[in-house]
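First, one chain by itself in structure tokens, the form predicted on its own.
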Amino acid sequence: MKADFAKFKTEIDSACFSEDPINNTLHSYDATNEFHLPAGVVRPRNEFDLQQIIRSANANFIPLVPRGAGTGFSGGALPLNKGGKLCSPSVVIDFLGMNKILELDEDDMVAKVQPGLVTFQFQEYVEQKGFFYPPDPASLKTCTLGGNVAENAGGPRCLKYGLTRDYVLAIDGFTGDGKPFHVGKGVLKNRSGYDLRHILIGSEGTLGVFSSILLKLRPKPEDRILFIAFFDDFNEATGMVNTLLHKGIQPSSMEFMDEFSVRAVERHGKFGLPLNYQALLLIEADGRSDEIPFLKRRIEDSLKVSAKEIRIAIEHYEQEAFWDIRRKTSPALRAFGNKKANEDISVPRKSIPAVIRGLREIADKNRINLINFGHIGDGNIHVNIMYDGKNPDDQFRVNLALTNIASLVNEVHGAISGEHGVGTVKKRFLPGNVDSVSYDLMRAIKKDFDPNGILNPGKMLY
């Protein structure tokens, strides 16, 4: 093992590699708060460095873990070592040295970026040019575009604008044995063979390592308006989603918080939220400036039918204050436990009321703190279980609850993950969520892209 690792180090540029214990520790965890120390960290500066690293790692059976900012909740960035032919603890690929905007084509409204670029920095840059990049994961001020593509990240604006995959036109990178690939093209329509681009999007670093990404942009919306509505009955809040959509009203975002998450965030931030309602909906609409008064009237009229209290934010600073309520939800939950099991199930919208009832039954049966919020407009529910990570009884009951939740999702033909990915956290539930033929095809695809299994071992598939 030592000989192979030593050979790997001699075959790559020493300026890219670090075994510093502090640096290793900083790359040993992600948002799951699980820790796995890597053998070292490589920081490529360009495509040449990256290919050299991958080729040497493949030849010497050194596991590589591509890492964005480590903001993921599925364990996808943890430097595991699966064993077998792999003869060393994992080496993390840190893309901080590849974080540039390579090109902005204003005529075709596309931008070519490196994978280490922070999402928010990219959004700010293109908005200054009058363009708009919609995907907005909660960690957008920290997470990277490469990580977003690897996880097919979402966010509140998915309802109107779609996921990361809807903006990726082409990807450059390398397979597990160091072969360069260029999948996709800078065109809106492309039926030239199998769509390998969409196989790589959401592959969680298990199939290839990205060196650059071509992204589609949109014109920047001129204006927006934001509502917070409170409901006595969660079913009425759920029904409001289809009420608006069936009227042809297309909000850019529709977020919900259940009564427990509202209480948690109010306790955390003192926003002045009423605590006597079952659900809160946060609804944003955007578009041309002349459309906003019309949208305001139609949405407000619809909400008045069942919402008991409505607040409207027109000015930008008011809207940011409303969004701050939603953004503070996740950190507010820490008051209920030092450990969080963070599920992001995705279910048909019509099944949301039954799923919420089922989740509460699971919470009661297993005696756990279960708090729900998320993207109600597209059926993506963030199920948060807060518990004491040092208590074996808590861990046992949480594991039972997670199995129950996976079964509930399968009953309504939903997905175990809408945007966080499978990683290590949901890997055991994937075989039950997809058919056996599909699962075997995934394993075969992994083998073709990564013959020696060096890319992000131990993730997604067994």
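Predicted, not measured: the structure shown is a model, and the values here were computed from it. A residue's number is simply how far along the shown sequence it sits, counting from 1.
Beyond the structure shown, there is the form predicted in complex with another copy of the chain, which is absent from this document and is the topic of what follows.
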| item | value |
| --- | --- |
| One stretch from 262-270, 241-249, 383-391, 364-372 that, in the model of the complex, holds residues within 4.5 Å of another copy of the chain by heavy atom | 241-249 |
| Exercise: residue 302 in contact with another copy of the chain in the model of the complex, heavy atom 4.5 Å | no |
| Another copy of the chain contact at residue 190 in the model of the complex, heavy atom, 4.5 Å | yes |
| Close approach of residue 152 to another copy of the chain in the model of the complex, 4.5 Å, heavy atom | yes |
| Partner contact for residue 316 in the model of the complex: another copy of the chain, 4.5 angstroms, heavy atom | no |
| Residue among 166, 233, 223, 309 with a heavy atom within 4.5 Å of another copy of the chain in the model of the complex | 166 |
| Contact residue in the model of the complex, chosen from 327, 141, 339, 185 - any heavy atom within 4.5 Å of another copy of the chain | 185 |
| Within 4.5 Å of another copy of the chain in the model of the complex: residues from 432-462 (heavy atom criterion) | 433, 434, 435, 437, 438, 441, 442, 444, 445, 446, 448, 449, 460, 461 |
